[in-house]
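Heads up, the chain below is alone and in the form predicted alone; it's given as structure tokens.
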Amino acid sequence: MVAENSTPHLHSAVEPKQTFRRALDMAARAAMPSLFIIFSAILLSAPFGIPGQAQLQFGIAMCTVWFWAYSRPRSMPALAVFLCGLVVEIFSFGPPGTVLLSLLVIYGVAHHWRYGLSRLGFIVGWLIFSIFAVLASFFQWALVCLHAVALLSPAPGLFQAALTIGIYPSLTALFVWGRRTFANPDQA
């Protein structure tokens, strides 16, 4: 009889209490990648006059979705990708829906291949990401041409792809550090 009464009390002492503050902290940590995309989109929509500012907006969103979708999918669920894509769409000046669709496709590929991608080295993962960055930029260029009913120069699309591919290593380093420190929802 005594053992039965003491066992439930023993288990409750081992498990941490789920307080409102702890739940809020875990939610904020899990939302860090999405908040990073939203903050970047808002910041880069300001008229700073930085060359490639609009392309950088897309590149940051794409790199962030790709990394978090395969490394920690709980921090980048499909709904968050959709909402982040909407925010980036609002603050970008491209044809409607192109960034959102590109981010959802990138998310789907990275999330579906997450086990294989996590086993690959950085260079191979970067190469695979690069292929999808070029395809997404080509897709956006093709939609802009359709929207304009003209064959436009592919230079902006190539620049966007090169910029996205080029910022991936530094953003990955930032995200790896963030994943180990503040963006870990399981951290106490």
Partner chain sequence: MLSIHARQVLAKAVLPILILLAVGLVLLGLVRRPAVDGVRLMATDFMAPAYHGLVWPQERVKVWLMDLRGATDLAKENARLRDENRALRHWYDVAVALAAENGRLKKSLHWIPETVPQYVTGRVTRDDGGPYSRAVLLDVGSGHDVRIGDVALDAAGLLGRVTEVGPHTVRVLMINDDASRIPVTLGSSHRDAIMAGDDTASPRLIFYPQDHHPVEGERVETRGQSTMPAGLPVGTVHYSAPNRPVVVPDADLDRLDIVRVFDYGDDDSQAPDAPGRVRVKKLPQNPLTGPLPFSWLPNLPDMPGRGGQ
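Positions refer to the first chain, counted from 1. In this text, all values refer to a predicted model and were calculated from it rather than measured experimentally.
Separately, the form predicted in complex with its partner chain exists; it is not shown, and the next lines address it.
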Open item on the list: Can you work out whether residue 93 and its partner chain are in contact in the predicted bound form, taking contact to mean some heavy atom pair no more than 4.5 Å apart?
Closed with: yes
Open item on the list: Please tell me whether any heavy atom belonging to residue 98 falls inside 4.5 Å of a heavy atom of its partner chain, as the geometry stands in the predicted bound form.
Closed with: yes
Task: Contact flag, residue 27 vs its partner chain in the predicted bound form, heavy atom cut 4.5 Å - done: no
- [ ] Evaluate residue 104 for contact with its partner chain in the predicted bound form, applying a 4.5 angstroms cut-off between non-hydrogen atoms, and reply yes or no.
- [x] yes
Task: Position in contact with its partner chain when the complex is considered in the predicted bound form, options 123, 43, 131, 35, heavy atoms within 4.5 Å - done: 43
Task: Candidate from 163, 135, 31, 54 lying within 4.5 Å of its partner chain in the predicted bound form - any heavy atom - done: 54
Task: Residues in 141 to 165 with any heavy atom within 4.5 Å of its partner chain in the predicted bound form - done: 141, 143, 144, 146, 147, 152, 153, 156, 157, 160
